[in-house]
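As structure tokens, one chain now follows by itself in the form predicted on its own.
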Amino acid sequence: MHLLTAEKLSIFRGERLVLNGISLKVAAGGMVVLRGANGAGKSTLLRALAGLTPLAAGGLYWDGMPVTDFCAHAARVAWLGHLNAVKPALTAAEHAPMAALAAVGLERFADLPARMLSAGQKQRLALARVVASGRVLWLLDEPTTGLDAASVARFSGLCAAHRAAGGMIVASTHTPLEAADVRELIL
């Protein structure tokens, strides 16, 4: 059973102290939703949890051990930033395997170049890569941006399945997510 712990994190973006003294825990099967106004530090916190932004203070721990080897930590993390990183020239199938495309309802677009997809379909394609990663910890920055109601419901189902298999999720969102036993951290 895995546990990610962040204790008293302080994080700068440039010269500005964005977060100070932030703590959270997420265990296997758990989900933490980050909420707050634009600029409150949700993306900054996610980047720090992924090891992409250095900590000014505090500690990040995996199963009680300090995270010092960020290459090993990266092997646990599926990252979806606020930019979906979909490559326009690649087909949907070149981004993710068919099972993952089916999980997000894109299987019929497998051979279509990503540049032909709508914004919501590109977001679903980015989510398919997260699903296909097999990583235990999903760090998701505004994962429902551009999704219609049916796609948000499908995403909620994917989160529930991931958690039921022992996965962990930390996500920022302005959209209400239907999920059981979700903890919120307001920034």
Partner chain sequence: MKSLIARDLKLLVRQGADSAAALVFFLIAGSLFAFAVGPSPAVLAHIAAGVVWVCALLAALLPLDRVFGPDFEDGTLDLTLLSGLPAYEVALAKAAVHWLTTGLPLLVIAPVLAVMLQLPGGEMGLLLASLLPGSMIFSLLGTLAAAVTLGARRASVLMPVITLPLMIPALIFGSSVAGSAHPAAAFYMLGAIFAAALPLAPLGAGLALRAAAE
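None of the values given here were measured: they were computed from a predicted structure. Positions refer to the first chain, counted from 1.
Beyond what is shown, the protein has a form predicted together with the partner chain; the following relates to that form.
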{"item": "Stretch in contact in the predicted bound form with the partner chain, which is absent here, among 140-148, 23-31, 66-74, 154-162 (heavy atoms within 4.5 Å)", "value": "66-74"}
{"item": "Contact label in the predicted bound form: R108 to the partner chain, heavy atom within 4.5 Å", "value": "no"}
{"item": "Interface membership of A40, the partner chain in the predicted bound form, 4.5 Å heavy atom rule", "value": "no"}
{"item": "R35, heavy atom within 4.5 angstroms of the partner chain in the predicted bound form", "value": "no"}
{"item": "Partner proximity in the predicted bound form: M116 to the partner chain, non-hydrogen atom cutoff 4.5 Å", "value": "no"}
{"item": "Sequence-ordered list of residues in 19-50 near the partner chain in the predicted bound form, where near means a heavy atom within 4.5 Å", "value": "R47, A50"}
